[in-house]
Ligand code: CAO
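First, one chain by itself: the form predicted alone, in structure tokens.
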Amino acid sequence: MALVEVQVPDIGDFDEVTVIELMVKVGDTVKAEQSLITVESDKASMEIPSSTAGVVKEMRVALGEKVKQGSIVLVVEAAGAAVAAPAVAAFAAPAVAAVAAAPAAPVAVAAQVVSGPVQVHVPDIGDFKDVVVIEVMVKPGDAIKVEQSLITVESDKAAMEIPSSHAGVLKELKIKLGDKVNIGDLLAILEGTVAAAAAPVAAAAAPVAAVAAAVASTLAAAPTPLAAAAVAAPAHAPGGNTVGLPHASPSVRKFARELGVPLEEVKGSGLKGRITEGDVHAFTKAVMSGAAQTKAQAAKAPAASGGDGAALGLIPWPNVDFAKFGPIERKEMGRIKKISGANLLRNAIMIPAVTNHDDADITDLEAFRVSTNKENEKSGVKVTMLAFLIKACVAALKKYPEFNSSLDGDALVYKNYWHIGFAADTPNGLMVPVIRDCDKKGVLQISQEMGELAKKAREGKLSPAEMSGATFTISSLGGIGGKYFTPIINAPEVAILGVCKSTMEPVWDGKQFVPRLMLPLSLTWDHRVIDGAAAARFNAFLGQILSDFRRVLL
């Protein structure tokens, strides 16, 4: 048994590349040619193979470190006759030397100016045939720079970006997603006055591939199993068992790292589920708006809601042994309460909420509701005050559209639809069914739908679609009691209306006190979107409609 240092072989014209994945650990048994780490440059990702078989005794690199040719990756206790790493250099040297000794004149030619249509072809991409186009990075009309990446191609073991040999305006793309291409295939046509890259284009466009092909050619003639291992193949096989490496091009992974996006949590929309730059943008936008959470955020939420407060920078939550004070019973919270608890905590902390309290005179409306139910006894549909509230809120939302909006970064999204959510108390916890297009429905239809949704909520049969898309929510305590309360806004909405039990109260009519049925209203609103004056007007207008429902028709 001998200890062998496994080094980074010749990886082409790159000084330093970053280690983005460790594929083995101390104690693992590795085979010759087995991939050990993945490294990445600006344009390519490569797996570094082992030059010998044995047991990993020591790792010499870590994630994020820079390595280059000759850097020690790990130490292996070799089993049997080991092929030492220097042999790689010995076999690779003639090929590299051959490439270096190639005539230098074409490379030294100054960039030439070409006027008119210019064809861009697939450069030398090494010993690969029929590689699949998995990402198109440009579109007609784009201004293209020399060596700007145009497409990403992928074989069973390699993922690489193909750069442009010229600069100019892209007039026509000759390939599409899913096409198979080879060296020399026409990719695109540029037009205008364009500067050509230094000739030969193929060699300048893909120095890694050119060197790799030359090394492979030299090694192929050598009677050694190291032939394939000496060339570092670019990383990521979509069907392979590579753990931790996202299905994305090097530039997309670099972009995600710059934004701090956990790429393994992003769902790809590209070919074979490949992650595109647009997917990274969409994921970032969803997290910033609160519509999605990273796994790290989700892990912190229970801790914050359950109690130590560390995620909020607070002093630790009291850790009390309640049993020492008397008998206790411990019950786990239900799934719905766990989910809603995390959302409520986020909304309560992140939204600068203010609540306005007011009273609405519903004496006449209640009398109309009672008479309507008497007239419609045979229909089986019971009209509730909440149905009238929904119609009244739609009228107020139309008059004050910022209450029917949502924040999107520094912009407001005004919705031209009115879907109203209502809080339903169920044995499993609070749920919020949504009645859609309330502006197009009458009070009777709203009452019927509300009854059906409330029943499904109690039975635990609500679908996700029936609880999504609300633009405004009403939380009604109905006949339970209470006067006022402060409901928590249901993000990404910007306001919520809380309603308590109506009570008969003496109201001064200018001459005397008369008994009137008053409904307490509690409007909570997001101060980033709405100011106090607008909230007061909304509540006042809502009260006017409830006191004289004919205003809904205006």
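The first residue of the sequence shown is number 1, and the count goes up from there. For clarity, every value in this text was computed on a predicted model and none was experimentally measured.
Form predicted in complex with oxidized coenzyme A: not shown, discussed below.
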| message | Only one of 476-484, 277-285, 172-180, 131-139 has heavy atoms within 4.5 Å of oxidized coenzyme A in the model of the complex; I'd like to know which. | response | 476-484
| query | Taking D15, M46 and R60 as the candidate spot, are all three within 4.5 angstroms of oxidized coenzyme A in the model of the complex by heavy atoms? | reply | no
| task | Would you please decide whether S50 lies within 4.5 angstroms of oxidized coenzyme A in the model of the complex, comparing each non-hydrogen atom pair? | result | no
| said: When the contact criterion is heavy atoms within 4.5 Å, does C500 count as touching oxidized coenzyme A in the model of the complex? | reply: yes
| said: Considering non-hydrogen atoms and a 4.5 Å limit, does oxidized coenzyme A approach L519 in the model of the complex? | reply: yes
| field | F388, heavy atom within 4.5 angstroms of oxidized coenzyme A in the model of the complex | value | no
| request: Select from the listed residues R458, K441, K415, H121 the one whose heavy atoms reach within 4.5 Å of oxidized coenzyme A in the model of the complex. | output: R458
| said: Just to confirm, with a 4.5 Å cut-off on non-hydrogen atoms, which of K399, R257, K382, H419 contacts oxidized coenzyme A in the model of the complex? | reply: K382
| field | Residues in 421-440 with any heavy atom within 4.5 Å of oxidized coenzyme A in the model of the complex | value | F422, A423, A424, D425, L430
